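The chain below stands alone and is given as structure tokens, in the form predicted on its own.
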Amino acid sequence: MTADVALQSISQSFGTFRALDNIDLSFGAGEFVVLLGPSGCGKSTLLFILGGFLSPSRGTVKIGGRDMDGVAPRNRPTTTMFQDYALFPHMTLRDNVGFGLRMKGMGRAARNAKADDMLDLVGLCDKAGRKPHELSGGQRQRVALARALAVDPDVLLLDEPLGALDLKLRRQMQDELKTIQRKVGTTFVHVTHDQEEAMAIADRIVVMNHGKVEDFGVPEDIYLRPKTLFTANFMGDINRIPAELVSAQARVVHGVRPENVGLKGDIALGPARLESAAFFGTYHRCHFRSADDRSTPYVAHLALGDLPAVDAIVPLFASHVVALRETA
């Protein structure tokens, strides 16, 4: 099963602190949605409201068109997967995965068969009789995912589930998580502060800041066409372009990503001095400063054959400039 999700005018206050401020969002059934933002932005609070662990100060949560007001977590069509996995150390993987089914009253034979199917889905069926301590971190993460999916939730809520893994394993698990989500078709709502992770797995990304939604869209739009200066900065480096070079519009900031600053382009930034450069494998990360106005810095990712000498003054250009609002 899968379901759509609607959040209508959701606000959450803790004393005088407003953690969420009038959130309006809707997710389609079967979507992989990522809540992205810095620590304290409200993304986990929003996830806990979806799961029923918190009641909003104001607003309505609907899952599959059903109002969740007053519905306890155990009665919601959701399952939450936390970062620590919370596997039972004394149980086999099969029993861990089947635990939720056991709580729902399913008989041993049926739940073992379902647990084996879920372990097969995550590539661990051959280890069904092992204990969690016999597994690697990535394997334990897969068991936790299998357990969460075994109860057939309409919506799976994931609270930074990959945060405890090292970089290489985290990237591997991002690919596997996306593949599994596509196979089962369940609506996933995933919290992370990792921008690369969000872009790797999401159908759509919700960028949050100070309890508000700064941006919401497909990864390509969030990165290439961010709506606000905060989103642009949070998703990576952004160079601010002097307004007179592109437009006289007031109250709008113009920006360009480092990969779109170089020795040719649509908009002339003027002569710039190369202050430093670092080798990043497929490009050089370069720090320039305008030769006309030394207060204006630029970061550029130059192709390996385009690197000038340090202290050289070269004409600098920009392409794919975006107009950004200061705030949401």
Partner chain sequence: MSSIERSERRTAFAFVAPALLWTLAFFLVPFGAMVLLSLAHLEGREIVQAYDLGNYIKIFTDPSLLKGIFVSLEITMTVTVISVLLAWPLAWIIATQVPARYQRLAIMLAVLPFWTSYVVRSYAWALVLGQNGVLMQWLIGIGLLDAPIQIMATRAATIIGFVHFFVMLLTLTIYANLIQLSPNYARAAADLGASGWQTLRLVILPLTLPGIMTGAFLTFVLCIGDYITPQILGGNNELSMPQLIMLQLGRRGDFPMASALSVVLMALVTLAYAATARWLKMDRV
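Positions refer to the first chain, counted from 1. We call the rigid core the largest set of C-alpha positions that still match within 1.5 Å between the two forms. As the structure is a computational prediction, the values presented were derived from the model and not from experiment.
Just so it is clear, the following notes concern the form predicted together with the partner chain, a form of the same protein that is not shown.
(message) Looking at Arg140, Arg111, Arg257, Lys227 here, can you tell me which has any non-hydrogen atom within 4.5 angstroms of the partner chain in the predicted bound form?
(response) None of the others qualify; the residue that does is Arg140.
(message) So the partner chain isn't shown here. In the predicted bound form, which residue out of Met103, Val218, Ala243, Leu167 has a non-hydrogen atom within 4.5 Å of it?
(response) Comparing distances to the partner chain in the predicted bound form, the residue within 4.5 Å is Met103.
(request) Answer for Gln181 alone: is it within 4.5 Å of the partner chain in the predicted bound form, judged on heavy atom distances? (result) Because no heavy atom of Gln181 falls inside 4.5 Å of the partner chain in the predicted bound form, the answer is no.
(request) May I ask you to state whether Arg147 is within 4.5 Å of the partner chain in the predicted bound form, using heavy atom distances? (result) Residue-level check for Arg147: yes, a contact with the partner chain.
(request) Would you please decide whether Asp117 lies within 4.5 angstroms of the partner chain in the predicted bound form, comparing each non-hydrogen atom pair? (result) It does not: once the partner chain is placed as it appears in the predicted bound form, Asp117 has no heavy atom within 4.5 Å of it.
(message) Taking the partner chain as it sits in the predicted bound form, is Tyr283 near enough to touch it, meaning that at least one heavy atom pair lies within 4.5 angstroms?
(response) No, no contact at 4.5 Å.
(request) Tell me whether Gly270, Phe279 and His287, taken together, all sit within 4.5 Å of the partner chain in the predicted bound form, counting heavy atoms only. (result) No, none of Gly270, Phe279 and His287 comes within 4.5 Å of the partner chain in the predicted bound form.
(message) Within 4.5 Å, heavy atoms only, one stretch in 120-128, 227-235, 173-181, 82-90 touches the partner chain in the predicted bound form. Which?
(response) It is the stretch 82-90.
(message) Can you list, in sequence order, the residues from 53-80 that come within 4.5 Å of the partner chain in the predicted bound form, counting heavy atoms only?
(response) Sequence-ordered list: Phe53, Pro73, Arg74, Thr78, Thr79, Thr80.
(message) Core superposed first: is there a CA shift of 2 Å or greater at Arg182 between the shown form and the other one?
(response) Arg182 C-alpha, core-superposed: shift of less than 2 Å.
(message) Is Thr92 displaced by at least 2 Å at its C-alpha between the shown form and the other one when the rigid core is overlaid?
(response) Yes, shifts by 2 Å or more.
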